[in-house]
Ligand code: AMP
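In the form predicted alone, a lone chain appears below as structure tokens.
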């Protein structure tokens, strides 16, 4: 018996013996391969323990998420769904950056939260920052729920709730000789961490070109801020009033919520050169050993080959998709047509094409009989998914086999795709024409008192996954 057959049999029977067998099979990782940015290789997945610990870099909640931002969360959600279906128990965390750090990735530039407050005509205060963050955090959660992310299975910590942990981490680094203080802040001394830049094999000499050290008093151009002083805003600390660095936030929350060594860390490719290398430096300097086993990164969404983003002036948000009358899940479908490590160029025509394809798939699903699980198809489907989340191939397999699939099999595949096929309420307009014709023929037979023919047609309707009820206002068709 194959792994997938055992999995489906166990899920159907609910027996603990079968489930133990499935778990033992799944935890070998032999069926799941992931691309590791750290090694630049496709690797079999081997979790550190019984529970997979996964952290996904979350948003700075100063504005609505763009369609470029949302790709990261569909990628993370597809990964989470894959881990679930392969039998792993997952603890997932997506952080919420809800206060300003007065720095960019490179410890310079305008703070996003400050920019958000100015845009909305609010005074720069900690209370206003907290209120603004709360508003856009709620909007972010609504957006990802609309595109199929189950937020109930994820922890969303706000960075402002973990200030003591961030201060403690900086003190720990200071004590171990990895931090130093200047007039402009407390910095991590990358010279004390020889492996700095190992993620993505960053060329430090190239990275240092054009970087300034004089104004900050940094020892090395790539040293990064751990604590930024501010006389008016922030929190009290051993180094005075101020803010922790952005890179410190993530490490402190991971340590607090998941532990000092985790299985998976995801984010956009823009995080590789600075943010994630800075996380590695802090975490491994503080705790020793390997911080993350599998680093995974998604590529950009572009428009006219330019990256989507607010700073680029081409930001598109989910509300604009809704305003055009398109199902938000169409955006998810469009993301899934490209591999997460492949850049995708957005056009409204491409999204409309995805919406059409999704509607066809929804209609096909409603017309299919329930049936038994097609193990052979699902083995091919999950082989594609298990090969570094090859969603384009998985979708192609569905369309190649759509005429012979059934609802039960397609619903299992959709547990990874997240298109909500089984959850969708069927509207009268979604009922296939052929089913409506059967219902009309049955009504004609019933009115002619040809009850044998009427019963035969009812049976055909039910075999197709629908039911017909006779009411005072006429027959009513619905999904079973």
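Only a predicted model underlies this, so the values are computations on that prediction, with no experimental measurement involved. Residue numbers count along the first chain shown, from 1.
The same protein also exists as the form predicted together with this ligand; that form is not shown, yet it is the one meant from here on.
A.B. asks: Check for me: heavy atom within 4.5 Å of this ligand in the predicted bound form, for each of 82, 88 and 387, yes or no.
C.D. replies: Contact check failed for every one of 82, 88 and 387.
A.B. asks: Could you tell me which stretch in 262 to 270, 247 to 255, 281 to 289, 221 to 229 has residues with non-hydrogen atoms within 4.5 Å of this ligand in the predicted bound form?
C.D. replies: Contact-bearing stretch, as computed: 262 to 270.
A.B. asks: Is residue 31 close enough to this ligand in the predicted bound form to count, meaning some heavy atom within 4.5 Å?
C.D. replies: Outside the cut-off, so no.
A.B. asks: Does the 4.5 Å heavy atom contact test between residue 308 and this ligand in the predicted bound form come out positive?
C.D. replies: Contact check for residue 308: yes, within 4.5 Å of this ligand in the predicted bound form.
A.B. asks: In the predicted bound form, is there a heavy atom of this ligand that lies within 4.5 Å of any heavy atom of residue 299, even though the partner is absent here?
C.D. replies: Residue 299: contacts this ligand in the predicted bound form.
A.B. asks: Looking in the predicted bound form, any heavy atom of residue 112 within 4.5 Å of this ligand?
C.D. replies: Contact check for residue 112: yes, within 4.5 Å of this ligand in the predicted bound form.
A.B. asks: Ok, 381, 99, 73, 187: which has a heavy atom sitting within 4.5 Å of this ligand in the predicted bound form?
C.D. replies: That would be 73.
A.B. asks: Looking at 435, 445, 57, 421 here, can you tell me which has any non-hydrogen atom within 4.5 angstroms of this ligand in the predicted bound form?
C.D. replies: It is 57.
A.B. asks: Enumerate the residues of 329 to 367 that have a non-hydrogen atom within 4.5 Å of this ligand in the predicted bound form, in sequence order, or give none.
C.D. replies: Counting only heavy atoms within 4.5 Å of this ligand in the predicted bound form, no residue of 329 to 367 makes contact.
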